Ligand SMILES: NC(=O)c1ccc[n+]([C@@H]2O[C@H](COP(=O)([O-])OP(=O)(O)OC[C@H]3O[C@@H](n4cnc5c(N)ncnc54)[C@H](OP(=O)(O)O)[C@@H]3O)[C@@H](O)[C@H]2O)c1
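Only one chain is shown below, in structure tokens, and it's the form predicted on its own.
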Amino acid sequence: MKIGILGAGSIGATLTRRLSTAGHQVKVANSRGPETIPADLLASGARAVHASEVAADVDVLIVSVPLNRVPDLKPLLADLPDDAVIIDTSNYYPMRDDQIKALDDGQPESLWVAEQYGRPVVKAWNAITSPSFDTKDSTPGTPGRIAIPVAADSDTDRALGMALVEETGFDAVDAGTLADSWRQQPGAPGYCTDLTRDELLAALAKAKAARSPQRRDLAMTVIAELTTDPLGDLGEDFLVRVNRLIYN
């Protein structure tokens, strides 16, 4: 499968390594140019390209950038084939992304992203921390294997997203349509809490839309009070521990 990955941050980098290792034809781009893509990301055959090239002639485009950059990306999709699938990994954090009224009013983030692109999207790989994604992959059937939710309006597109999630080393959980994708957003019990398939299904079911933004913001306040480096100085499971405490 031909896969383009836009964004070479923590999640995008791991996606590049895993999907190219799985045998896909992967090209990766960031906003700074192909010469800035680390060589280790290309060791399994991925190619570094300019952002203007990443959407051309692909079956899947994975966009892994901060949500506040999404509105500026539509021109980069001009060459995306009509039948290509877009997978979005972003999350809304008002303190980082500035206030977006539609999201503050309760619109699911993935529906807003789809509106910006003018195309449907699949929501995947948003509900796992980058340290967990990088280090906690495992083979199917491994006890305690972590699960990742996947939402999309098209059954076919959702199945494709789930198959790719499995190839990156995690159980894929059918999280329904984009209208229900708020259940995997920041503040919900299934967001970045490293759950198994059965645990994640239960967490998605018990999510409450009204309380998720409050809990998201509370978690960010706690994290800011405790550390200046949430991905490092208190251990790779620090974010998971905070989220489990606050989101459940």
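What you see is a predicted model, and the numbers here were worked out from it, not measured in a lab. So that there is no doubt, residue numbering starts at 1 and follows the sequence shown.
Same protein, other form: the form predicted in complex with this ligand, not shown, and the subject of what follows.
Checking S130, Q116, Q107, S138 for any heavy atom within 4.5 Å of this ligand in the model of the complex turns up a single hit: S130. The partner is absent here, but in the model of the complex a heavy atom of R69, alone among R69, R197, R211, R47, sits within 4.5 Å of this ligand. With this ligand left out of view, the stretch that reaches within 4.5 Å of it through heavy atoms in the model of the complex is, among 59 to 67, 176 to 184, 202 to 210, 216 to 224, 59 to 67. The shortest heavy atom separation between R96 and this ligand in the model of the complex is within 4.5 Å. Not displayed here, this ligand is approached by A51 to within 4.5 Å at the level of heavy atoms in the model of the complex. Although the partner is absent here, T168 sits far enough away that none of its heavy atoms falls within 4.5 Å of this ligand in the model of the complex. L19 falls outside the set of residues with a heavy atom inside 4.5 Å of this ligand in the model of the complex. Taken together, L103, T193 and N248 are entirely out of contact with this ligand in the model of the complex: none brings a heavy atom within 4.5 Å.
Along 71 to 105, residues L73, L76, T89, S90, N91, R96 each place a heavy atom within 4.5 Å of this ligand in the model of the complex.
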